[in-house]
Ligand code: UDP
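One chain comes next, on its own, written out as structure tokens in the form predicted on its own.
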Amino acid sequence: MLKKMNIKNLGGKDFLMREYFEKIYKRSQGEFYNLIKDNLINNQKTFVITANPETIMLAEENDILKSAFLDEETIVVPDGIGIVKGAKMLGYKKPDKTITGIALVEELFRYCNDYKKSLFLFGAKKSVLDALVKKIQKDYPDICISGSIDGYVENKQEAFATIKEKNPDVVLVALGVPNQEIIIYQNLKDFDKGIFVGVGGSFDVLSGMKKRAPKIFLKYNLEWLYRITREPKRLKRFLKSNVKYISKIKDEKKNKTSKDE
């Protein structure tokens, strides 16, 4: 069972960005994937949060997301160059590489196929979900898809009750931040095993319904820019979270420097 931290001073003036960066997984990408594979094979319950600046800023506003993020047993990986740069600015060891939600899901598909594990998909539109199920059945024939529920069902808690009944080895939830992380965290206690990941819009890309960024964007950690060019409505949300994120990191770095002098 995952243990909840006794978290004090969540939010407000006492909020520290360092609390989050201390949680970021800082070992190599290869070590992380080996850990996930071992936990999958050994039925070790694991909750992974893929963190970017928006995730952290939303966590500052939501106590449940904060608790999920800071729980001592949650694994938080750097999904985005903003986390890598933020860690460097605050004097932390930089994460080895970013670990995006899409890349993690692709690895989980391979592991489930190799070890004949079961998978449950929750979220996205029904058309996206149906296309993804067909693709998985074609490309990963040894995965057991124990069920799928689209993200537009009215009672999402009831959907999680169905997931519990199926007892899958991997649960992927595509409801967007923070809803996906919150519902996972609130239900983790009811599971004895499973790799749980909130995957945002990964189903859209992996199903083929949306194009992934070209390799040149991925190489230079500019996938966020590609998404904005494809979906301009993301720009306002991106600017709001990232400007606030950068400002808080700069303030905390400045305060630390002043105290050290």
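The first residue of the shown sequence is 1; numbering continues from there. It should be emphasised that the depicted structure is a prediction, and the values quoted were computed from it without experimental measurement.
One more form of this protein exists, namely the form predicted in complex with uridine-5'-diphosphate; it is left out here, but the text below deals with it.
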Based on heavy atom distances of 4.5 Å or less, which listed stretch (158-166, 134-142, 120-128, 84-92) is in contact with uridine-5'-diphosphate in the model of the complex? 120-128
Taking heavy atoms only, is K250 within 4.5 angstroms of uridine-5'-diphosphate in the model of the complex? no
At 4.5 Å between heavy atoms, is K240 in contact with uridine-5'-diphosphate in the model of the complex? no
Close approach of R227 to uridine-5'-diphosphate in the model of the complex, 4.5 Å, heavy atom: yes
Heavy atom of G176 within 4.5 Å of uridine-5'-diphosphate in the model of the complex: yes
Quick one: G30, Y33 and D114 and uridine-5'-diphosphate in the model of the complex, is every residue within 4.5 Å by at least one heavy atom? no
Residue by residue through 188-209, tell me which have a non-hydrogen atom within 4.5 angstroms of uridine-5'-diphosphate in the model of the complex. G200, G201, D204
